[in-house]
Structure formats: C-alpha cells, structure tokens
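Below you will find one chain, with nothing else, as structure tokens; this is the form predicted alone, and questions on how it binds or moves follow later.
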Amino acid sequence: MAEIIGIWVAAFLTLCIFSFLYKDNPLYKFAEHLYVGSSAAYMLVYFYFFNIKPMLIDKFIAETGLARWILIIPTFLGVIMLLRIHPKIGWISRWSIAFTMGIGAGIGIVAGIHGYILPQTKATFLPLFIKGDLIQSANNIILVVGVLTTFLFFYFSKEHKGLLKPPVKIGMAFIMVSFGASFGYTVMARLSLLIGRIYFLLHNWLHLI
C-alpha cells in the first residue's frame, strides 16, 4: 500500500510539473514550492548529520585540550553568518562570508590550475605525425590547431584582420563546435530525464508498457 501511494503521489506531482507546458497555474506552483521546500529540508538534515554532527559535535566531545576549544572558531563564524537575517547586525556576517570566499577562491585557483590548466596544456604537447597511424595523427593535428587558433581568437591586443583573420575564423569555428556539443549534451541529458518520467507514468503508474 505504501508503494502504491508513493507511485500515485509521484505521478500527481509529475503531472503538476508538466502542466506548466499549458500555462502557469496553481498546481505547478504547488509542486514547485514543494520541490524547493523538500530540497531545502533535505539539505539541512544532510548538512547536520554529515557535517555539523561528525565534524563539530562529535569531534568536540572526542577531542581534548586545545584541539577541542579551537572548534569554537568555526562555530562562531557559522553562527554570525546567520545574523544576516537581522538587518541591524547583518553586517557582522560579512566576516564569515569574506573568510569563506577567500578559502573558496584559494582552493578554486589551485584546483583549476592543477585540475584543468596544467592537464590540458600537457595534453596539447602531442606529436603531429605518428608513423603508421593516420587517424591518430589527424586527431593530434586537429587538437593542436584548435587550441592555437582558439587562443588567437581571444587575442584582443591587435585587430583581427590581415594574416590574423583566417586563424581567428578557424578558432571561432572550433569554439562554435564546442558550444554546440555542450548544448547538445545538455539537451540529451534533459531528454533522458523526460523519457524517464514518461516511462514512469506509462509503466509504473498506468501499466501501459
């Protein structure tokens, strides 16, 4: 019985979301607000049991000496971040936000360099011609040409004309192909979700397939 009720509730909410295809209506708003509210509640519970409890409460009980009391610092920063809801003392939350943004920027820069820039730079140092493998040679040439011409496209210190114009056009073509592939991948992902919900309605709910 619980499984049947769950299927009917899920089917009702799915149809409420699909009703937006006709026009904005109260059923769609109800499902949207329910989704946002349940997501917020889930994240709150998740952060408590997987972050606050093991990393703060349990560690405060288990640790001794300085290691215990140093946990007051992140606790203090977390509490004052909540003061943003009060207009008069909300400015105090800027300390926590600045601290968080600074750490995030530092980690992001290092992760970006080691995770994206350096590996991609290393991946472009390829032999243009590989004996006995024409396909791999063609792939390497296309990759190197694409990287160099794309760099030239973002070279704005000189006007893109004369000898600079043809490679810039080639770089723009590579960029458009990349954007098109990314957009196509996004559309495919959304279609996969749509197919999943339609299959749920026809198979689990209506038992037509």
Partner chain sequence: MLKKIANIDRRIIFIVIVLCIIIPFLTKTVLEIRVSAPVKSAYKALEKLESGSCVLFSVDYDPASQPELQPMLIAVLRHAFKKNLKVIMMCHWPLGFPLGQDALMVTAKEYDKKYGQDYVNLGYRPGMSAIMLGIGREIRDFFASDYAGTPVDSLDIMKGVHNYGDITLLIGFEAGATGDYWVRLAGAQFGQKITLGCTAVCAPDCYPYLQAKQIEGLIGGLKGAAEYEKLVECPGAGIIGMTAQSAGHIAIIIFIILGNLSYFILKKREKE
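Numbering follows the first chain given and starts at 1. Predicted, not measured: the structure shown is a model, and the values here were computed from it. Take the two forms, superpose them, and find the largest set of C-alpha atoms that agree within 1.5 Å; that set is the rigid core.
Although it is not shown, the form predicted together with its partner chain is what the next lines describe.
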property	result
Answer option from G90, P119, G78, G102, heavy atom within 4.5 Å of its partner chain in the predicted bound form	P119
Its partner chain: the contacting residue among A138, V110, I130, L82 in the predicted bound form [heavy atom, 4.5 Å]	V110
Three-residue site L15, A31 and T150 fully in contact with its partner chain in the predicted bound form at 4.5 Å by heavy atom	no
In the predicted bound form, segment of 154-162, 65-73, 44-52, 168-176 with a heavy atom within 4.5 Å of its partner chain	44-52
Its partner chain contact at H86 in the predicted bound form, heavy atom, 4.5 Å	no
4.5 angstroms heavy atom contact with its partner chain in the predicted bound form for I5	no
In the predicted bound form, R94 touching its partner chain (heavy atom, 4.5 Å)	no
Distance check, T186 to its partner chain in the predicted bound form, heavy atom within 4.5 Å	yes
Sequence-ordered list of residues in 186-209 near its partner chain in the predicted bound form, where near means a heavy atom within 4.5 Å	T186, V187, M188, A189, R190, L191, S192, L193, L194, I195, G196, I198, Y199, L202, L208, I209
Per-residue C-alpha change between this form and the one not shown, L56, threshold 2 Å, rigid core fit	yes
C-alpha of L126 moved at least 2 Å between this form and the one not shown on rigid core	no
